[in-house]
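Heads up, the chain below is alone and in the form predicted alone; it's given as structure tokens.
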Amino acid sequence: MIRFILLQNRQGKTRLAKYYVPLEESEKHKVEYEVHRLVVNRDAKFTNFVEFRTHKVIYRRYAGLFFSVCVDITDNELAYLECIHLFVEILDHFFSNVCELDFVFNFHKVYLILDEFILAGELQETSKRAIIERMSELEKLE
């Protein structure tokens, strides 16, 4: 199960945070700080999986953003690495060459995209085409 998803820039500013387990606000800030310190200082030659408390964090860096997913220790790392890549591909298609400013000014659309394929901390949809079609339908309604 996914515990949380974080998108952070190199300076540690959180651009998107989605929690699937209840945490106090102070604990959320502490977690964001710890995850950023964990992934930003890690050498590129190491794997993109790292143990975090009693869970593990799977992360990937795209340009200046770190996409981090915290999951149970027994979950498949490669499946979540693919999940991160799928999310980035959908964002890139939807925003046509996504950048950090898209997360700032269109955060509600980013959350909508995320909710289309992750539900209650579990992968719901893995088809890029199906997600993009649903997003197109929602765009027509606006």
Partner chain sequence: MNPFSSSTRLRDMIRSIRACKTAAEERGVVRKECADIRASINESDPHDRHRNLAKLMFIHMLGYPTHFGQMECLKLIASPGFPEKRIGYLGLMLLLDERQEVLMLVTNSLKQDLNHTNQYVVGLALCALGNICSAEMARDLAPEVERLIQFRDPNIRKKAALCSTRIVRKVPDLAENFINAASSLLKEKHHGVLITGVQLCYELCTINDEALEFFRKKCTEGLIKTLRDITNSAYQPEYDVAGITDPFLHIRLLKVLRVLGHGDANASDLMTDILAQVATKTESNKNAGNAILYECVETIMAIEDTSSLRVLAINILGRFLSNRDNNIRYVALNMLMKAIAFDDQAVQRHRVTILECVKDPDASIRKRALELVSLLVNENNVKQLTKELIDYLEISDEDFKEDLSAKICSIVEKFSPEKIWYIDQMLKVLSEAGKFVKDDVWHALIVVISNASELHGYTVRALYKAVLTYSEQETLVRVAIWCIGEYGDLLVNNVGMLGIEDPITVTECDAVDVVEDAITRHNSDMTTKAMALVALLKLSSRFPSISERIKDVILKQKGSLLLEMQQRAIEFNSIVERHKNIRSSLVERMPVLDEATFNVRRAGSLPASVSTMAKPSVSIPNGVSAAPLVDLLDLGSDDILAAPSSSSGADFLQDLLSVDLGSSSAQSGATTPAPKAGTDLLLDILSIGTPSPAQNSTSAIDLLSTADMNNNSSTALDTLSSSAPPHIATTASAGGMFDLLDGLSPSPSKEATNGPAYPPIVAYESSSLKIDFTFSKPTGNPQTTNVEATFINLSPNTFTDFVFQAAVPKFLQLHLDPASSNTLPASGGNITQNLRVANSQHGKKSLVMRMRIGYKVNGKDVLEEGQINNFPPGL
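Owing to the predicted nature of the structure, the values given are computational and were not obtained by experimental measurement. Residue numbers count along the first chain shown, from 1.
What comes next is about the form predicted in complex with the partner chain, which is not displayed.
Undergrad: Taking the partner chain as it sits in the model of the complex, is C99 in contact with it (heavy atom to heavy atom, 4.5 Å or less)?
TA: No, C99 stays farther than 4.5 Å from the partner chain in the model of the complex.
Undergrad: Find out whether any non-hydrogen atom of K30 is located within 4.5 angstroms of the partner chain in the model of the complex, and reply yes or no.
TA: Output for K30 is no: heavy atoms all beyond 4.5 Å of the partner chain.
Undergrad: Check C70 for me: does it contact the partner chain in the model of the complex (non-hydrogen atoms, 4.5 angstroms)?
TA: Result no; C70 lies far from the partner chain in the model of the complex.
Undergrad: Hey, in the model of the complex, does C83 get a heavy atom within 4.5 angstroms of the partner chain?
TA: Yes, contact at 4.5 Å.
Undergrad: Please state whether all three residues E34, V40 and A63 have a non-hydrogen atom within 4.5 angstroms of the partner chain in the model of the complex.
TA: No.
Undergrad: Residue by residue through 124-142, tell me which have a non-hydrogen atom within 4.5 angstroms of the partner chain in the model of the complex.
TA: Contacts from 124-142: Q124, E125, T126, S127, K128, R129, A130, R134, M135, E137, L138, E139, L141, E142.
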